[in-house]
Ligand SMILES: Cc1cc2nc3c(=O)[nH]c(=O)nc-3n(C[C@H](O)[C@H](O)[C@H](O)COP(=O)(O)OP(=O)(O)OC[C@H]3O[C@@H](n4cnc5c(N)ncnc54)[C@H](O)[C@@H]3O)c2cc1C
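This document starts with one chain, in the form predicted alone, laid out as structure tokens.
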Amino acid sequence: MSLFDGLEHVVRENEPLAPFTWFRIGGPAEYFAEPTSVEELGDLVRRASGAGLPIRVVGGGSHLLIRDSGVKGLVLQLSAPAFSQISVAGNVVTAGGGAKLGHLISTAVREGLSGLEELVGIPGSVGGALRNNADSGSADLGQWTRSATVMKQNGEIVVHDRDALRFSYRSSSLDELVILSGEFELEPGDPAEMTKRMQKLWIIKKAEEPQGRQNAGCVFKDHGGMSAASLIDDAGLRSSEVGKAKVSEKNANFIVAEPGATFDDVRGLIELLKSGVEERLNIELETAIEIW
């Protein structure tokens, strides 16, 4: 591990990645690192970039499917406290990219700041939620984002203010290597009322999702105001399965990976659903999950 001399305390070789994803599928990372500080992160990034290694960041793993053969290069996880701090100043909440989106939402509500409660129940990290502009249909994270601090491929740190950011349906202009933190400018609200609303939304959302099995978040983006789940239903694909991967009985936009399911099973089912909807409804579904 000469490339990472002096960083052996945070770098591991051939680390299995399946435990870091909701599907519980995927082979090992050539190098896997959990830096404890921004300085260590920058050092890791510069060394890997200098050696020509691919670099990826794994967040909450709720929208990630990894090949059984694994991943070449360096995989980073921002699990250390340095990347998950959440602070409040006035009506602005600042959250590290490694913080859980749920923790950001609950902190805002507790502090009497409204805007993010609509996103309750969406899994993943703040960094992933920013990059993919997490949304609930009626609200999205981008509309409340005041700035984002990122790290580029060369280790340089840049702050993007609101004017430099672009958010659209489940996507953003944040394409840098690492999202270190985000600032969210919210509105005053009543904590008790927001808590009741959040609890109601949580119950509704969880009733529509598969529980207790290996699955990720929504597999496809909605299309033209139509939910991907309804399109899969309309195409007559609700009972589809490939190997040990099958469409959820609760929500057709979720894929359940039974024990023993492989990458090829899940990827094969994704392609079957995409091609089926396109052939029968002439609509091309776009995946909402990342595939490594």
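We number the residues from 1 along the sequence you see. As the structure is a computational prediction, the values presented were derived from the model and not from experiment.
Below, we refer to the form predicted together with this ligand, which is not included among the displayed structures.
Looking at the partner-bound form in the model of the complex, is Asn132 within 4.5 Å of this ligand by any heavy atom? Judged by the heavy-atom cut-off of 4.5 Å, Asn132 is in contact with this ligand in the model of the complex.
Heavy atoms within 4.5 Å of this ligand in the model of the complex: does Asn215 have any? Answer yes; at least one heavy atom of Asn215 falls within 4.5 Å of this ligand in the model of the complex.
Flag Phe254 as yes or no: does it have a non-hydrogen atom within 4.5 angstroms of any non-hydrogen atom of this ligand in the model of the complex? Residue-level check for Phe254: yes, a contact with this ligand.
Check Arg170 for me: does it contact this ligand in the model of the complex (non-hydrogen atoms, 4.5 angstroms)? Contact check for Arg170: yes, within 4.5 Å of this ligand in the model of the complex.
Quick check on this chain: which one of Leu116, Leu74, Ile179, Val93 has a heavy atom within 4.5 Å of this ligand in the model of the complex? Selected residue: Ile179.
Among 42-50, 232-240, 59-67, 26-34, which stretch has residues with heavy atoms no more than 4.5 Å from this ligand in the model of the complex? That would be 59-67.
Heavy atom within 4.5 Å of this ligand in the model of the complex: which residues of 254-292 qualify? The stretch touches the partner through Phe254, Glu290, Trp292.
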